[in-house]
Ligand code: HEC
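Next comes just one chain, in structure tokens: the form predicted on its own.
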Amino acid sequence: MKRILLLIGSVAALGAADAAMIERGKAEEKRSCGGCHGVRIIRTQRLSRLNWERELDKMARWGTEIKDREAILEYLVATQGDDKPQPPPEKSGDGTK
């Protein structure tokens, strides 16, 4: 019984750590990406972990200062990974396009 409770506690702690990492990554996306372009361009992409790593490398070469690379990478893979569905197309302000 102790083992089961320990396992449940460990899983819960891991989930909390993942959620904290995702929140840190979201904040890093806003901080490091938002200065040059909006996050809309990011949110339409669906890339593998390797390709998100390459994108972060490219942005760093172009001068982006990424302070929390691990968090932003985890966030991008978790929310815009190649296994996630494409978001619905955005409509224009008047809703016609």
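Residue numbers run from 1 along the displayed sequence. Here the structure is a predicted model, which is why all the values come from computation and not from measurement.
The form predicted together with the named molecule exists for this protein as well; it is not shown, and the discussion that follows is about that form.
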property	result
The named molecule contact at residue 27 in the predicted bound form, heavy atom, 4.5 Å	no
Touches the named molecule in the predicted bound form: residue 70 (any heavy atom, 4.5 Å)	no
is_contact(residue 41, the named molecule) in the predicted bound form, heavy atom dist at most 4.5 Å	yes
The named molecule contact in the predicted bound form: residue 48, any heavy atom under 4.5 Å	no
Members of 52-90 lying within 4.5 angstroms of the named molecule, judged by heavy atom, in the predicted bound form	52, 55, 56, 58, 59, 62, 63, 64, 66, 72, 76
